[in-house]
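Next up: just one chain, as structure tokens, the form predicted on its own.
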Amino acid sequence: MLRVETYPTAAEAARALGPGARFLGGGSLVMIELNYGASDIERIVRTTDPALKDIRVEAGRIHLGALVTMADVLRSRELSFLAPVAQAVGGPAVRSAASVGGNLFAPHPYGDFTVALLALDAMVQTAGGASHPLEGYLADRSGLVTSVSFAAPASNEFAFRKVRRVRPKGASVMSMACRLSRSAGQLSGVRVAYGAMAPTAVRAKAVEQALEGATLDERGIAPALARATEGLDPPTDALASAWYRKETAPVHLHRLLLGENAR
């Protein structure tokens, strides 16, 4: 019989996890598994730790508790730059449950919020106090996530784009996010991330290299567009083929970088 265990702190919940146990955050992923009769889940572990719902800005860094939902993001003035990302996650019912921490575990072709966090160079904090760069954490996704944090972007530094066949809440054909800092008119510290172009969200490092030191105009971004999918092996699924993703990625990258509306 399925057992539900509730703990007052994230540390206690983390210690309770093990074989046959699954952590329940917002439930948008775990409940699907349970509804489809997942036989490997024997225990549900949850926590009422209020710290996991925190949204804080300290010393120029934004801290989001793992149980902050997409709906919470949409209500926060400090997170207005992330509103288009949160809005792209499902419909209202999903956004009221889907959490920041849970999104790190969303299977392809989901996980749009993770794409944004990767472009923001987010750090992942796990129970016990360990801190991991998000890119490294996505390689094995071990440890109970308690929060994520990142440097707050300046105005107009961050952009997000989602391509989907079904609106308003279809899964991603691809998603893209970027953080473009400028120094003396040239780009620096560039971060570009893709979703639905690999098993998890992934940085487009060839694009980043091509944009470093470039100007943000047609001529400046041309080398990056030529390398839009370099080093990537996009999947084929029911939404799009690998060929289609590779062919259209430069078009959507162009629109992301220059702020053009979808059409």
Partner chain sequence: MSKTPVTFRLNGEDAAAFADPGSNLLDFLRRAVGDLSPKYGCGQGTCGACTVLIDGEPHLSCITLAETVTGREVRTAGGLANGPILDRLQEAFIDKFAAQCGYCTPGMLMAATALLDKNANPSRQDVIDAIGGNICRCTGYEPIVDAILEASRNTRGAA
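Positions refer to the first chain, counted from 1. These figures come from a predicted structure and were not determined experimentally.
There is another form of the same protein, the form predicted together with its partner chain; it is not shown, and what comes next is about it.
- For its partner chain in the predicted bound form, the listed stretch (68 to 76, 184 to 192, 100 to 108, 124 to 132) containing residues with heavy atoms inside 4.5 Å is 68 to 76.
- For the three marked residues, Leu2, Leu24 and Ser96, a heavy atom of each sits within 4.5 Å of its partner chain in the predicted bound form.
- Its partner chain in the predicted bound form is not approached by Ser39, whose heavy atoms all lie more than 4.5 angstroms from it.
- Among heavy atoms of Arg46, some come within 4.5 Å of its partner chain in the predicted bound form.
- With a 4.5 Å cutoff on heavy atoms, Leu34 counts as touching its partner chain in the predicted bound form.
- Using a 4.5 Å cutoff between non-hydrogen atoms, Thr200 does not count as a contact of its partner chain in the predicted bound form.
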